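The form predicted alone is given below as one chain in structure tokens.
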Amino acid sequence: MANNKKEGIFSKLARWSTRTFLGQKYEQKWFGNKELGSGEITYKNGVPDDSELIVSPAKQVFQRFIARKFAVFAVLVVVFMFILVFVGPYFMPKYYDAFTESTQKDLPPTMSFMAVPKELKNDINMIDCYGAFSVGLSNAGKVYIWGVTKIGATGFDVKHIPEEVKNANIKFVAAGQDHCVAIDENGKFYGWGSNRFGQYAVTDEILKNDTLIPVPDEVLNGELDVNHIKQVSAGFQATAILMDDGTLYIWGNTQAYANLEKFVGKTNIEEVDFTLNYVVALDKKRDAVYTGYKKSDLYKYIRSSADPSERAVPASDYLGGRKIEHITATLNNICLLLDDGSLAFVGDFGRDNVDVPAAAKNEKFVSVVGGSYHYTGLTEEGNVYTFAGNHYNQDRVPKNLSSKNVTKVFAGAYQSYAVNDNDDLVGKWGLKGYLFGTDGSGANIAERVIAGGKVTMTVGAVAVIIEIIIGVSLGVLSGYFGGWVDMLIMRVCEVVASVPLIPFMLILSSLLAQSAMTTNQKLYMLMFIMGVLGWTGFARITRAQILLARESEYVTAAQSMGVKETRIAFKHILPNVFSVILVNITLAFAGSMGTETTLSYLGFGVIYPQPSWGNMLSRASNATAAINFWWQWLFTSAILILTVVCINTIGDTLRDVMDPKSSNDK
């Protein structure tokens, strides 16, 4: 007796997946033959042989479609891409589609930003970082480097530590944007990486350049007493060495820091650091942030919070006699550690800031360090807190850190490290790297691929919807009514089809270049024009199908019953020919995506920084990017090609399986 038990949905899914990807042999092996009534389904070339069964046309189409493995793969790819670009943004950081960072430009795909070498993990003296790579110093005086160590297309690679540095007992080391400096136990100064702006050596070209401050002779000649060096810091094309008597040695590119010259020869400095555009310091008075400008109000107003909405007050009023013990800077602001263990802030804060946790405000901080936008602080209780900039979730401090006797904290550009009383690394958190690398503006390409895919697919989808509305409507009217209506619509169709879309859009782009239209307004116009100029294909194919169907018996019967002509055309004929139009929809969608990509690539449509796949490829369409920064075009173009090919594959397969003359076992 036949088993008529209904197969469950999960069993059906498992059977279908096995048959689709492994074949009918494994399906029968693992699941057996599915019985239906008194007979069983047999298979021919992996497709159910339904010659003896009554199967609906829709089911036949489905069975034929899933028998084509590449078509099923194409569906999965397209579904995945839709989920990625439309659902993915809800799990992305704030402003992910427009976030750029000058210190993170042209970085290759990597997840090594926190890959501290194992030789250093249990013997950490210090860690320093300004850009994409970090430098570490062990208590044994050995230097280690990790992260992205190659400096753009310059050919410099800071991972190549000079042999004399490897053989020396290093006491101080610092990492800038594109160079490293070190001082050994005898006061000898070392530098490696880029020296284009005199970061660590003096040449005749550097001495002739009025915008560069050369390395002081005392530093180059090893005249500094290493036992009296208090601090070594490096920034963007600049470096500073501070002695414990307040003497500051500073050099580098004056065009990178507006006030660099004002710090040359200073002898009353307690601490020094670099923001994006300024050198900042703490002088002997310890009552304000020193910038070298007497009359400037830069950094003279203090707030107790990293919340940008909090009102800042004059420094003297806020401090009320308290002194500043320590300063540390990010690119945009400065954190002040006061002598009572509290924190204060000066400068500008971004939209994605996280304020100091409420619990931390009741504790006394003993140290605080700054990255590119975030701060990490350690309190007397041994608790670690990260706050301020949080674009890459820098505030996710490991939960069990408070029990690990943390005595030192260090900050990378977007990372933080915690070290215990045995100098062991006990915690690290922040940005691990960039899956697809970064572009020439420092934007995360993986994030922009998602944002750009959303724009490109949206433009393609809206343009196709407009094409369908116009083209199908006119095609139905033309094919059903014929006569002068058909003649008029087809002549209009020919005129519209003769307009070259890309040249037309480029001319329009030049005319609107000086207009006050916003990026979104240009995007809406792009979708509208693509739809208005692209409907002719739908009109022609719909007209052809209507001409074939209007002589059918069901149409004649409807006419004899007095049904309105428009109802017959749109309610009776159109649904019966829509399967052919459906195939055209998938092909037109892929074509619209390609058109948007081409237009954005040529400079019309989506304008940077708003991403689309087209303008992402446009920004990587130069020889430098093609040779040195392959990741800036490879991933975007590969995803675009894969998506368009898969959509076209779905359309071609639908056309085949919907053709009644097509063989079932094709």
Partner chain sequence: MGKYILKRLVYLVLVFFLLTFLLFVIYQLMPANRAFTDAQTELKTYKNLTEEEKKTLFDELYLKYQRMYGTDTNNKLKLYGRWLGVVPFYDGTYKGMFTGYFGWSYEHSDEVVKVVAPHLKNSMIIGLITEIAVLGITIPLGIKQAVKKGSKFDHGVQLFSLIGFSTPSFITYIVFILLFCSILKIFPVSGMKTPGSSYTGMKNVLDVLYHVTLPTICLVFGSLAGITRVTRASMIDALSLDCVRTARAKGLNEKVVVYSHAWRNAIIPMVGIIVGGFFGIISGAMILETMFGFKGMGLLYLSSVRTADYDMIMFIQVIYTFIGLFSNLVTDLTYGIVDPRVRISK
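Keep in mind that this is a model prediction, so the values were computed, not measured. Residue numbers count along the first chain shown, from 1.
Not pictured, yet referred to below: the form predicted together with the partner chain.
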| property | result |
| --- | --- |
| Residue among V495, M92, I83, V563 with a heavy atom within 4.5 Å of the partner chain in the predicted bound form | V495 |
| Candidate from A140, V79, L207, L506 lying within 4.5 Å of the partner chain in the predicted bound form - any heavy atom | L506 |
| is_contact(T203, the partner chain) in the predicted bound form, heavy atom dist at most 4.5 Å | no |
| is_contact(S510, the partner chain) in the predicted bound form, heavy atom dist at most 4.5 Å | yes |
| is_contact(Q63, the partner chain) in the predicted bound form, heavy atom dist at most 4.5 Å | no |
| Contact flag, I607 vs the partner chain in the predicted bound form, heavy atom cut 4.5 Å | no |
| All of Q255, L260 and T328 with a heavy atom within 4.5 Å of the partner chain in the predicted bound form | no |
| One stretch from 349-357, 486-494, 364-372, 160-168 that, in the predicted bound form, holds residues within 4.5 Å of the partner chain by heavy atom | 486-494 |
| Residues of 622-652 having any heavy atom within 4.5 Å of the partner chain in the predicted bound form, listed in sequence order | N622, A623, A626, I627, W633, S637, L640, I641, V644, V645, N648, T649, D652 |
